[in-house]
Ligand code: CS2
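Only one chain is included here, represented as structure tokens and corresponding to the form predicted alone.
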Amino acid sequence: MTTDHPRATLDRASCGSIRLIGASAPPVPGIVHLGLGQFHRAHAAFYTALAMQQDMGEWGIAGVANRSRRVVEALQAQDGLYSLLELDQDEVSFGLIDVHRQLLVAADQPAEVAAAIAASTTRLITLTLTEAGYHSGADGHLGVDQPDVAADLSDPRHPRTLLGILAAGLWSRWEHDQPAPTVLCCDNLLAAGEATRARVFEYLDAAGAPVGLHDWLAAAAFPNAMVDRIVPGTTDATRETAARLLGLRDRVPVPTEPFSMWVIEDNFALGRPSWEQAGVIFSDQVADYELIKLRLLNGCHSLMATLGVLSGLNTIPEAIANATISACVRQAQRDEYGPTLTLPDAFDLAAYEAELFHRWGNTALGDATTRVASDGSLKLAQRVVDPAIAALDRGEMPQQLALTVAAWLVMVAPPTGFDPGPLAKLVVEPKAQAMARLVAGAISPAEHARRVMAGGILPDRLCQHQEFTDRVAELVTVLSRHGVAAAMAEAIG
């Protein structure tokens, strides 16, 4: 490929000799994917494209964005192609992903999305809704009182949320007398398949769905899966790198790390792509892989991100390069997360932990602490609660897990007189307003912390452990009066 027209828009005809990952033939979409974001395009779409190179089948993807047309319009203008940049320090590898065969926006095209899910050619529905997209309440069940969910339930055949759109699409599929499909969650959820199945059935129950739909859906498969790849947001620097490598302008390049892992239960109702040829691990030990990743990677990610935000550190590599933050992470892995794990067969824990520190230190990736720290109330419910309770049941105080909660709390709902710094303003927290109402009028940092802990923001089964709440309150006091360095030093002991 020449570089005569470096600002030409990427399309199939212009790609020349650039490596295409996927299939050049246009198979019909056998997969409908809800949530057309960065992670999907770096992970499930990538694996599917690799599998199609080996065994094409009819596994093209109909990609569905929720509300934003930006990515859909860019991909449509580029004939469905986009570049995937694997960044690792001084090395960059790249290719063009060729796997999307239809592109839709759910908010604008609800009938088309339902039709895609109901199509006889659709055998698999995959999801990246993020933790928030499953609309779980503090009790772990569907939050039927959440405004978006309540709006959907008032008119369940015309929903606005992706969860509601999934349910409506399955409803339509049942009405068209199609067989029950596989629904595969690709989000960071514990027992992801079981959790997705529970939310779908709870939604349909609340929507007054017919009994026949429930019976039909009982034949659907909801396999558990573990997903693992760090995918930061696309920046101007990403677009500039893509243009330099391609000689063409890609409006939606995706940066990611070289590391990638996907572990899935081999439980599919209507077949699946040959993902094993792309490196997917099919295992009956998904739960063990899942907890290792959720705790050693995601849990520690939350710890270092919140500490990084409070320390004024912009990126995860900057945070993990801080010796005290690194010490907190190692202590959390060794003493608090590690004892809760069961290792899968032949799993090398030391190698995995070493790989994690290499990944976190990847300066070429430059993942933002504010991105990782966002949606903390949802993430910590998945990552902190059970290992913290396990430590308390052993008679031990999980210092770093308490610090994770305390740092998150002062970051998104700072006590009176405490400034969490400019980065905290960039952190997204869906329960920030509820937390602000809870702490209004608190006369001390400790009271401030106890109000949040008693307010249903995090699951009661952890917050009812008074000793844990007391420790969080102590660390919030240290953070707000003496700063993040003092709180880290106290937690390390």
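From a predicted model like this one, the values you see are computed outputs, not experimental measurements. Residues carry their position along the shown sequence, with the first being 1.
The form predicted in complex with D-mannonic acid exists for this protein as well; it is not shown, and the discussion that follows is about that form.
*Considering V254, V372, V384, V410, which brings a non-hydrogen atom within 4.5 Å of D-mannonic acid in the predicted bound form?*
By the 4.5 Å criterion, the partner-contacting residue is V372.
*Option touching D-mannonic acid, based on a heavy atom within 4.5 Å in the predicted bound form, out of L204, L81, I230, I165*: Only one listed residue qualifies here, and that residue is I230.
*Do H301 and D-mannonic acid come within 4.5 Å of each other in the predicted bound form, heavy atoms counted?*
Contact with D-mannonic acid, yes.
*Applying a 4.5 Å heavy atom distance criterion, does R197 contact D-mannonic acid in the predicted bound form?*
Close contact is absent here: in the predicted bound form, R197 is far from D-mannonic acid, nothing within 4.5 Å, heavy atoms only.
*Does I292 make contact with D-mannonic acid in the predicted bound form, using a 4.5 Å heavy atom cut-off?*
Judged by the heavy-atom cut-off of 4.5 Å, I292 is well away from D-mannonic acid in the predicted bound form.
_T234: touches D-mannonic acid in the predicted bound form, heavy atom cutoff 4.5 angstroms_ = T234: no, not in contact with D-mannonic acid in the predicted bound form.
*Name the stretch, out of 220-228, 206-214, 411-419, 173-181, where some heavy atom lies within 4.5 Å of D-mannonic acid in the predicted bound form.*
Correct option: 220-228.
*What residues in 158-193 sit within 4.5 Å of D-mannonic acid in the predicted bound form, counting heavy atoms only?*
If the 4.5 Å heavy-atom criterion is applied to D-mannonic acid in the predicted bound form, 158-193 yields only N188.
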